[in-house]
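Before any questions on binding or motion, here is one chain by itself as structure tokens, the form predicted on its own.
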Amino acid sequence: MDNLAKRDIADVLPHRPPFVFVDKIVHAEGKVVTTSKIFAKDEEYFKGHFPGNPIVPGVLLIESMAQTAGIAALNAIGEFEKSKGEAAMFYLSRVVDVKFKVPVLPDEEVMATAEVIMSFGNLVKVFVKSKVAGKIVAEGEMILSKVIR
């Protein structure tokens, strides 16, 4: 979708703070979307994960990739504006074999890429990966379910 990278995240995702784990859309073309997120060192969860040795929780990396996957799914089917008079969105239905390869530290920029690899009915299969400084830190597949709200 043209100009997707210039859109406000609040226009694209249904999530709102403090549960938005995409700072900006870096690239969007067809079935592939790349986003960025910096997990700031002053975030509350770093106080407990882990004291003296903070790392980004894996579940938050998964959520960041899932939000990126939702944007990719919307972009792939061209439904950012409206679908039958109502906005379409995607729920995370399944996380498939996500592997964490390297811990992510506070204040590192995470680049998440999602590529729609298949759709069937209201389901979309997406390959996701996150990188820090060009190195893969997590990757796997997700299944998203399309809903109309």
Partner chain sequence: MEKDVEKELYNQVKMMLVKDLRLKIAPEDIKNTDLIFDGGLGLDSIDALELVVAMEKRFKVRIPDATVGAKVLVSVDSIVRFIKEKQQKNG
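Keep in mind it's a predicted model, so treat the numbers as computed, not measured. Numbering follows the first chain given and starts at 1.
Unshown form predicted together with its partner chain; subsequent notes refer to it.
Using a 4.5 angstroms threshold between heavy atoms, Val33 stays clear of its partner chain in the model of the complex. Among residues of the shown chain, Ala114 is not one whose heavy atoms approach its partner chain to within 4.5 Å in the model of the complex. For Gly121, a non-hydrogen atom is located within 4.5 Å of its partner chain in the model of the complex, even though that partner is not displayed. Contact check for Lys125: a heavy atom falls within 4.5 Å of its partner chain in the model of the complex.
Checking Lys47, Lys101, Arg94, Lys41 for any heavy atom within 4.5 Å of its partner chain in the model of the complex turns up a single hit: Arg94.
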